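Below sits a lone chain in structure tokens, taken as the form predicted on its own.
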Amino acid sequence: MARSTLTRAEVLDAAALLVRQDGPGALTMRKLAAELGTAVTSIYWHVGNRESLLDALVERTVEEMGALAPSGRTPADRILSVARILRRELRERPHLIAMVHERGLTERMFLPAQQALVHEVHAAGLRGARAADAVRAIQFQTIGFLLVERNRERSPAQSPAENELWDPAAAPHDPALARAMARPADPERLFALSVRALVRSLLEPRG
């Protein structure tokens, strides 16, 4: 039995879930209607045709990416929190982010994160070109780390694997390093480590 009531937000929520799970190719009006337990005509009434629906999803994704709430006691802490939020949000919705990029809205999507970073580098005393460089360096580090992370996740099984390449016998000069390199990388820890080091360098006073 079809649902008697349905909201536009519910349609977008269900559509976004389908895209996040299987990509935009999996989103059809018939499948969306089935997921919502309603008629296809009801979907059209709320969001228009499929292209209008995709446009609405893109617009909502841009808005959601702008909902940044930095946290921390110091500018450096808050900058790290912005980077972490940005990485998390990008990781959680790769198909939707790709749709934003295809429509030429990537720069607009990243603007709120840039503005949040500008606020914090200003709070740390940076101005002008140095502040702009800091904002871009942090943004590039965050996005670049994510791209490497995804590439590693998607790559085929490696042979020899990293733990085989870093057998302690192959690095007798530093067996502790070899043991550490043989263990799986911890992306969360490495991300925080790299961003903290970058931020510390960018914010340190210059004579």
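So that there is no doubt, residue numbering starts at 1 and follows the sequence shown. This is a predicted model, so every value here is computed, not measured.
Just so it is clear, the following notes concern the form predicted together with the DNA, a form of the same protein that is not shown.
Undergrad: Would you kindly say which of Leu27, Leu146, Met181, Val58 lies with a heavy atom within 4.5 Å of the DNA in the predicted bound form?
TA: Checking each option against the DNA in the predicted bound form, the one that comes within 4.5 Å is Leu27.
Undergrad: Of these, 65 to 73, 37 to 45, 173 to 181, 137 to 145, which stretch puts a heavy atom within 4.5 angstroms of the DNA in the predicted bound form?
TA: That would be 37 to 45.
Undergrad: Consider Ser201 of the chain shown here, and say whether it contacts the DNA in the predicted bound form, taking contact as heavy atoms within 4.5 Å.
TA: No.
Undergrad: Any of the heavy atoms of Arg50 lying within 4.5 Å of the DNA in the predicted bound form?
TA: Close contact exists here: in the predicted bound form, Arg50 approaches the DNA to within 4.5 Å, heavy atoms only.
Undergrad: Using the arrangement in the predicted bound form, list in sequence order the residues of 53 to 69 with any heavy atom within 4.5 angstroms of the DNA.
TA: Stretch hits: zero.
Undergrad: Can you confirm the direction of the Cα distance change for Ala113 and Glu10 in the predicted bound form, closer or farther than in this form, given it is 3 Å or more?
TA: Relative to the displayed form, Ala113 and Glu10 move farther apart in the predicted bound form - a change of at least 3 Å between their C-alphas.
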